[in-house]
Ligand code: PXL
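Taking the form predicted on its own, here's one chain by itself in structure tokens.
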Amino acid sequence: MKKVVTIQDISCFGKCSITVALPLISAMGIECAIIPTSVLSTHTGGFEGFTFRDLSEDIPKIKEHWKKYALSFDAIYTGYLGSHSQIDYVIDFIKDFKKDGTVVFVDPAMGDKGKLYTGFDDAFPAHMAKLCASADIIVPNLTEAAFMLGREYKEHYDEQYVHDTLKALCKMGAKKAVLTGISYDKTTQGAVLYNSEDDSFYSYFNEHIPVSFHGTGDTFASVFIGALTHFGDEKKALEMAVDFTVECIRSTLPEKESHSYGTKFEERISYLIDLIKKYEE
């Protein structure tokens, strides 16, 4: 059985981070190990007064314990990291656990809609860029890409801007980059992949649903790394991640007011399994 380790926080309520990654990756037939970086009572978007327990000092201890058992992983997947020190610990973890064939997959989860998430200072994006430099694949949204590149966030853009941004991201060190939440018109939305090794682009789009739910980036990233680990094909992974994320949004629409804290992905896990079977044919 293939193995993925995901390093990110646990939000006790809300659909994001490990509470999304663990069930989705597991449902795809892949063993999912976790390193929780912090425990929050809720995620940081849409909730006030949430509790936060920092688990940064546990990361190197877990790493050293795992080294004694020579554990190995097919992929290392990082998501929301709450501090500069956590990024440093994760970089050290990658140095020790990246072997031949291990995919380092970084979701630089730190902002959206032109703003950084609560708790991040102006220096954080540059620090996150150092982690992205050690990755094989990174999956930022346009906000995160703009902050890491030190560029102004653009709400309106064209294909050339997206392609230029992807190339600039890979110049930081990652072999491949995906920009999520891309929409060139009012009817479609998806993601664009750039492979710096052969200078190629691949785009995939589904329906654009004009509503926002927390955690959709985590859903996309979790399905992408699960599919990539399963199939070894970035294009299949991109298509599955886009389609599943859109399906989760569509399924949550009837309860969008009461369920804005996350999509009802649990109800669509059967759809995810069907997608796997479809791509296996």
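Note that the structure is a prediction, hence the values are computed from the model and not measured. The numbering used is simple: start at 1 and walk along the sequence shown.
Keep in mind that the form predicted together with the named molecule is missing from the display, and what follows is about it.
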Using 4.5 Å between non-hydrogen atoms, is residue 93 touching the named molecule in the model of the complex?
-> no
Does any heavy atom of residue 117 come within 4.5 Å of a heavy atom of the named molecule in the model of the complex?
-> yes
Is there a heavy atom of residue 16 lying 4.5 Å or less from a heavy atom of the named molecule in the model of the complex?
-> yes
Using heavy atoms and a 4.5 Å limit, would one call residue 36 a contact residue for the named molecule in the model of the complex?
-> no
Checking 246, 240, 59, 40 against the named molecule in the model of the complex, the residue with a non-hydrogen atom inside 4.5 angstroms turns out to be 40
Name the stretch, out of 232-240, 65-73, 23-31, 212-220, where some heavy atom lies within 4.5 Å of the named molecule in the model of the complex.
-> 212-220
May I ask you to list the residues of 228-257 that have any heavy atom within 4.5 angstroms of the named molecule in the model of the complex, in sequence order?
-> none
